[in-house]
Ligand code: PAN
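Let's start with one chain on its own, the form predicted alone, as structure tokens.
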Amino acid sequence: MKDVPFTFELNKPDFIPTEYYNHIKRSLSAMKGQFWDREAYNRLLAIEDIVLYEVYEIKRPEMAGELLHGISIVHPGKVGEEYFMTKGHFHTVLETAEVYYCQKGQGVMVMETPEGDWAVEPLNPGRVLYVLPRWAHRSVNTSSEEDLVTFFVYPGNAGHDYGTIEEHGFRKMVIDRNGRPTITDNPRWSAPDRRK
């Protein structure tokens, strides 16, 4: 990690940073239990453990005062009717916001709070999304042809809580209905026990 101010480029068409410290690849097998159509999931996995999304991290210390940032790339595709998506997460420090800037593609951000509020906001090039503190969030690529590319930034001490979403899912999901993205209730969602 650098100890002086630094710059990097996000060059078209892929927007992969010219400098990064970590490249994460999330494959279909890493998303077990996240898609509603489990038969479609198993059929696709039997053919290939395809990469659904990638993250390029520009690493900084995970501490207050720092800003962690990088690029997220969600590839096009579907499991049954459900579009490829990220795992989605709350922040470990729940009172933490995050900013996303869409560089390329078409998609949505699915969000919800522990109290039951939810929102789905479009992502397209040039659009900035501010995810408020307490809101879990998941990127969904609704394009059939191109990657959904976003630049993200969040506080260094935020942390990631993937477990709550892995166990309970999101209240809403985005599916392809007659060639159009459609928001619907997620049948696999279950309410977390807030007494824990």
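All residue numbers are counted from 1 along the displayed sequence. Owing to the predicted nature of the structure, the values given are computational and were not obtained by experimental measurement.
The same protein has a further form, the form predicted in complex with the ligand, not shown here; the description that follows concerns it.
Asker: Would you please decide whether Gly88 lies within 4.5 angstroms of the ligand in the predicted complex, comparing each non-hydrogen atom pair?
Answerer: So Gly88 counts as contacting the ligand.
Asker: In the predicted complex, is there a heavy atom of the ligand that lies within 4.5 Å of any heavy atom of Lys59, even though the partner is absent here?
Answerer: No, Lys59 sits far enough from the ligand in the predicted complex that none of its heavy atoms falls within 4.5 Å.
Asker: Decide whether Ser72 counts as a contact residue for the ligand in the predicted complex under a heavy atom distance cut-off of 4.5 Å.
Answerer: Close contact exists here: in the predicted complex, Ser72 approaches the ligand to within 4.5 Å, heavy atoms only.
Asker: Check Tyr162 for me: does it contact the ligand in the predicted complex (non-hydrogen atoms, 4.5 angstroms)?
Answerer: Close contact exists here: in the predicted complex, Tyr162 approaches the ligand to within 4.5 Å, heavy atoms only.
Asker: Do all of Arg26, His137 and Phe152 end up near the ligand in the predicted complex, with near meaning a heavy atom within 4.5 Å?
Answerer: Yes, the whole candidate spot contacts the ligand.
Asker: Which of Leu129, Ile50, Val55, Leu132 has a heavy atom within 4.5 Å of the ligand in the predicted complex?
Answerer: Comparing distances to the ligand in the predicted complex, the residue within 4.5 Å is Val55.
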